[in-house]
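So this first bit is one chain, no partners, the form predicted on its own, shown in structure tokens.
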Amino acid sequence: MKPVSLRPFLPRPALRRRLPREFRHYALQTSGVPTLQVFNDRIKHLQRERAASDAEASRRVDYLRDEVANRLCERLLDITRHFPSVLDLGANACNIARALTAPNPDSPALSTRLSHLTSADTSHTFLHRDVDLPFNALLPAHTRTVLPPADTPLPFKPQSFNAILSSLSLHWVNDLPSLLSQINHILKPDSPFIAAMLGGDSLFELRTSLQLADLDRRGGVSTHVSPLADVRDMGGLLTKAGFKLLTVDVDDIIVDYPSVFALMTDLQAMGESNAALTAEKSGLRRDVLAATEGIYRELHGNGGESVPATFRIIYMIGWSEGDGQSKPLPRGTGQVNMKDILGGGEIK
């Protein structure tokens, strides 16, 4: 007996109907090396623009940037050459340009050792804040360049500069390895990159006090101080970017403030407020801020009417590769045993 077919009894449209196909969607990664976003570039740009818009208040808190710029420029004294073209990357209010024109009791001003200085920054207001001050006339030639938004390739041609300086701006860069590679790319062969950035345990007093105040008032910890690079990481990053003859050192600058409120006010006027992506948009609660003041004085106070704040500055020098440059000898070619110099016995 043949099986009964239902096909003759089905309506014509049903014969042509097909079940809907199920499509699977997969997550795809864009090309290139992924970048870890730590800072909110838009928030940081707005903070710096707002800070620079009040020129007088901004100039009153230039003490840290001016001091670091002076110490950074002192490192140029060890390089006995003339620099036809120099770039100040992340120039802020052109603090390096001011430091280069400062009189030196032992030698002429450093500005006499360069032909042209280019100051570049993403903040137009910061970059042009002091455009009318007298130090601008003391430079042989000076150009201000507004850079495109952060994490955008630098708008300079390869091998454009004989030296690149940077003071207190690299600590806000999300993709620091990429920026260092670009810096090496726009340097001429055998040219120095000299930079200073906040890092390590900067503002550790404020960081620990805020954490303890958060735990006491809220039962948890939030990000109130932006994370910073460690000095141990910078040598590896410079090497990975292709720099040679590296020098990395650390210097602590301790500033006394009347209170933690004065410290935070100055940081805001500098444009150095917290811009981490994990920061709370509502800001600090009043009870947390009041507790921070008491904890800060108890743990870190000077015993008087002031509280210290430590700014740890990482200084770094790297050279682009060039002919005739000193190179380390191959491994195993040393002729002096370190044990004979330092002493000590055999390692077993």
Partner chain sequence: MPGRTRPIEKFAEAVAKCSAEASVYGKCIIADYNGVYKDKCLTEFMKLKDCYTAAAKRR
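Remember, it's a predicted structure, so these values are computed and weren't measured experimentally. Numbering follows the first chain given and starts at 1.
What comes next is about the form predicted in complex with its partner chain, which is not displayed.
Interface residue among E293, E321, E49, E67 relative to its partner chain in the predicted complex, by the heavy atom within 4.5 Å criterion: E293. None of 210 to 218, 124 to 132, 249 to 257, 158 to 166 except one has non-hydrogen atoms within 4.5 angstroms of its partner chain in the predicted complex; the exception is 210 to 218. Not displayed here, its partner chain is kept clear of S178 by more than 4.5 Å at the level of heavy atoms in the predicted complex.
Remark: D54 counts among the residues lining its partner chain in the predicted complex, judged by a heavy atom distance of 4.5 Å or less.
When its partner chain is considered in the predicted complex, E298 lines it closely, a heavy atom lying within 4.5 Å. At the 4.5 Å threshold, heavy atoms of R42 stay clear of its partner chain in the predicted complex, well away from it. Contacts with its partner chain in the predicted complex, taken as any heavy atom within 4.5 Å, map within 251 to 270 to F261, T265, Q268.
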